[in-house]
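Take a look at this single chain, the form predicted alone, given in structure tokens.
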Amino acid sequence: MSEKVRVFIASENRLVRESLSRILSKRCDLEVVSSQGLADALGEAMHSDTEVLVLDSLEYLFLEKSEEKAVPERLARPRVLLVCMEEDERLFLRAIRAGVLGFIAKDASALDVVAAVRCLARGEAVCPPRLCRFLFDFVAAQAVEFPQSCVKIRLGLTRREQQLIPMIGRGLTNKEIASQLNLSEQTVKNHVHRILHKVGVGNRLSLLGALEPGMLN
């Protein structure tokens, strides 16, 4: 990171641009390199050495993607801070999926905005406490609702291997599993061996300790 954090402001609202520029320019460790409307800023921030991109609309990100302008490999995409938005859960998730790392509500103070820019420049993420709790609850709910998907994504298990996980969790032997699935005992033994290898453990007991409870149901 450079001595000063280079900040790019993109907003269709001139008052918002001028207000944010005035707030950030007063800090000796921050430098506002540009302040433009969304249409004028399209692509420029992504192709500059901007470290933090401050937006008040998600549409910029979707417009930028539609342009299909490749970012030079030597330049990293700036970290995006979304400001002047409502604390809306759907918008919050949409912002995260679009690559936003900072989310500040419209009633945030000048100090909140400055602190958020500095956090993003350090590689951290920022959001209001209420939305942080929502994100934790959302991720936890996904893990409970879709345990098999969680197993497959995290461990790279096949469908058959996923099927064996809860049976192993119930303490069934290879012979008992083979009988229930109409497979040979050797085939089950091979599946179990591959599961242990993928999880990175040496035996069934260690496997049960390594997996989350939701994966064993």
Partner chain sequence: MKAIRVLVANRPRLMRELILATIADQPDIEIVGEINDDSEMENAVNSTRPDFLIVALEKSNRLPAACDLVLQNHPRMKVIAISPNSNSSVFYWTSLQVRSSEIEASEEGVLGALRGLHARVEEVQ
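Residue numbers count along the first chain shown, from 1. This one's a predicted model, so the numbers in the text were calculated from it and none came from an experiment.
Note that the form predicted together with its partner chain isn't included here; everything after this is about it.
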Proximity of Ser206 to its partner chain in the predicted complex, heavy atoms at 4.5 Å: no
With a 4.5 Å heavy atom cut-off, would you call Ala108 a contact of its partner chain in the predicted complex? yes
How about Ile9 - does it come within 4.5 Å of its partner chain in the predicted complex, if we only consider non-hydrogen atoms? no
Heavy atom to heavy atom, is Glu124 within 4.5 Å of its partner chain in the predicted complex? no
Residues in 10-34 that come within 4.5 Å of its partner chain in the predicted complex by at least one heavy atom, in order, are Glu12, Asn13, Arg14, Leu15, Val16, Glu18, Ser19, Leu20, Arg22, Ile23, Lys26
